[in-house]
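Just one chain is shown here, as structure tokens, and it is the form predicted on its own.
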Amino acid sequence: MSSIQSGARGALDRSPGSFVQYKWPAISALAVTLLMVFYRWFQQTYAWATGLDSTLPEFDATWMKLLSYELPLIGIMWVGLWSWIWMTRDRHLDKITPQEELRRYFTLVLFIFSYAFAVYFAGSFFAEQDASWHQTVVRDTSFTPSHIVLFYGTMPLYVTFGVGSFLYAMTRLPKFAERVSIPFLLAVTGPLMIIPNLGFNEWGHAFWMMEEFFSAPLHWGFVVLGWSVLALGGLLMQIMMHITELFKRMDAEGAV
């Protein structure tokens, strides 16, 4: 009987609650969802009423005011989140326990989920909406109701989570601190490079009158860089291998 009880005490608790902390990822996903709903509501309410002519005072009062709020806010988020991750980094990664390392892996996965969630909204809904807007209204400025939300709102937002998750892995997990993960690097830098590609896109549209087909050569950069987010599949495979190794290690050590 005593041997059975000691074996039960030595069994590894594999329940999600032992390793996963849902609070901050849930708050993050909720905040992203609410922001996207706000953007959609704002466009529905003001796009046709004040967004058709950038020379009107009403355009400045609504759309340029939105731009003046979101750019500084996202800039503060970049500096604040990335600085906090770096300043609070673990300087003794060789001493963390397998249980703590496992917990950090689950935190990383949820961090990446927030990143992918934001990328989905930017690349799927608002990007397609942008092309539809230009096909219908045509462009009279780089700052259109669709651009102010897509280019200067949702895309910088997903960069916040992408770079943040990369920094988190590099500063909290030994495997990612030892060497750079190529899938992780592709999944983060590809969508990140869409932002400088925006400048090329606006420059091209300023000099060439062209249809807003997504297959147009001017948009190829968006396609290639956007597809790089598929490298997240390779990253998740790496994470699963590392987690499997940790479980085997914990079983061998009889960790609780």
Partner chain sequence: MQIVKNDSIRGFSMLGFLTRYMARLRIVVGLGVLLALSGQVFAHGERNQEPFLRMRTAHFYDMKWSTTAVAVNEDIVVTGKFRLFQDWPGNIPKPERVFLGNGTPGPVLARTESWINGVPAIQSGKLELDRDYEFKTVLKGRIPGRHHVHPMLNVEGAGPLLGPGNWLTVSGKWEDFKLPVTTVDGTKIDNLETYGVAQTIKVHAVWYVIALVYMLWWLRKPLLMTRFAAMEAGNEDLLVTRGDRLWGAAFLVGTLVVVVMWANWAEATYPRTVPLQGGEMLVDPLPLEKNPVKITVVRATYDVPGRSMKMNLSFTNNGDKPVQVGEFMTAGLRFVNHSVPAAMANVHPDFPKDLIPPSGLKVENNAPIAPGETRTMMVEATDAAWEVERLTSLLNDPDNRVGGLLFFFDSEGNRIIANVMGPIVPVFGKS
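Residue numbers count along the first chain shown, from 1. From a predicted model like this one, the values you see are computed outputs, not experimental measurements.
Form predicted in complex with the partner chain: not shown, discussed below.
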item: Non-hydrogen atom contact Trp203 with the partner chain in the predicted bound form at 4.5 angstroms; value: no
item: The partner chain contact at Leu56 in the predicted bound form, heavy atom, 4.5 Å; value: yes
item: Touches the partner chain in the predicted bound form: Ser28 (any heavy atom, 4.5 Å); value: no
item: is_contact(Thr50, the partner chain) in the predicted bound form, heavy atom dist at most 4.5 Å; value: yes
item: Within 60 to 98, the residues that have a heavy atom no more than 4.5 Å from the partner chain in the predicted bound form; value: Ala61, Thr62, Lys65, Tyr69
